[in-house]
Ligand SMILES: Cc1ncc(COP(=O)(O)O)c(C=O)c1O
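Only one chain is given next, in structure tokens, and it is the form predicted on its own.
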Amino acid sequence: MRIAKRQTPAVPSFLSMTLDYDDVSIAKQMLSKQPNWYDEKIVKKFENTFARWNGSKYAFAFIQGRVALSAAIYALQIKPEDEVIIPAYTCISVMNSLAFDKINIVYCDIELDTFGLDVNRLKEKITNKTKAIILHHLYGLVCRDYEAIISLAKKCNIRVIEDCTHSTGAKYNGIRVGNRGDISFYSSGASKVFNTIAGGIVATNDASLAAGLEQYYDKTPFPDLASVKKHLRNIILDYYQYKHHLSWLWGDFVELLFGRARVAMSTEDEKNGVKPSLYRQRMPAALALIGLNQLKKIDKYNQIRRKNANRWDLWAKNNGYKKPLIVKGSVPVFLMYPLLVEPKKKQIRSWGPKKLGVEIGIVFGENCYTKKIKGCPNTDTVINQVINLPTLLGESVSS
């Protein structure tokens, strides 16, 4: 693999920073080969390759991480009115995946070291109606209470769904995250660790759960031709707008060519808790090919993320901020670098480009923290104070 630094100084994006020209070449080839867009052999190769790389026995690829979570809910046979405990600080898509199936959501507060579920608060939330816990590894960090939560769930005979959408590739005691719970889900959306523009994977090591996932998968259609074309064009659009070293020059031009193909990560309906008409779909071969190429580069990009996180560690230390905790025995991937700062510094973020040379990111806005969940003070703190710094600064890796 060859690593090249960006030639023109630019403010790095939080989107599509693992796309390289080799991904664009695949997208262009696919745009001229429609008959191959739904080749199930290609999709299966991607699923098997991901499973091997991840250390999982089974994997199924869908069009989004939220659909992968829905498949997990189906396989675990979680029914309407069952209770599932989730972090109070999470993505609206997680909430919706449960709400769309009329599952009762129980919010639990997080800890402030890695922004994962707090096991002591979790103990207070468990009832005889609790069927599952969603344990997330946020921002690419391994959850501080990972081991304690898994042990508690086993003791209480409760299933664990690991949300690895931010942490694909992170390890704990030599094992990639997602392999200690019952089932796990991942995302390959434009803002995630690896990128197919749209994509999600559900994985398990349990044969009976895999059978349930396969049932769900077999009932899930591919997206239509127009949608696949849009996704492929988004790869080209994102590369030239966010990643190319001359993005300042090419960005407006490709917007004119492909701007109408822009695919939103979440629709307005989803943000308002309304189930979209086209919700449950599997990943087409056209995107699985991009995924196969991205998997060749994921470890190298994660290594770069960790290296750049050291820069933010030093900045945090020099400016009096607490750096995020790296749990003993863990290897994070740092999808982005989280810091708790003064509320005013979060509200007015123009200091980022001026002082740091980067934009300051906000992952879960207030709209995701619906109806001001009560009794979760750490979540309140994070909503008011956490910012994110990018961990890919323009580097390219060719496969």
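Worth saying up front: this structure is predicted, and the values here are computed from it rather than measured. Heads up: residue numbers just count along the shown sequence, starting at 1.
There is another form of this protein, the form predicted together with this ligand, and it is not shown here; the text below is about that form.
Although the partner is absent from the chain shown here, V94, T165 and F185 each have a heavy atom within 4.5 Å of this ligand in the predicted complex. Proximity of T90 to this ligand in the predicted complex falls within the 4.5 Å heavy atom cutoff. Taking non-hydrogen atoms only, P284 never approaches this ligand to within 4.5 angstroms in the predicted complex.
Contact check for Q64: a heavy atom falls within 4.5 Å of this ligand in the predicted complex.
A residue is said to contact a partner when one of its heavy atoms sits within 4.5 Å of a partner heavy atom; L138 meets this definition for this ligand in the predicted complex. Contact with this ligand, judged by heavy atoms within 4.5 Å in the predicted complex, is confined among 30-38, 43-51, 337-345, 64-72 to 64-72.
Residue K192 is the only one of R159, H244, R176, K192 with a heavy atom lying within 4.5 Å of this ligand in the predicted complex. The single residue of 340-364 lying near this ligand in the predicted complex is F364, the criterion being any heavy atom within 4.5 Å.
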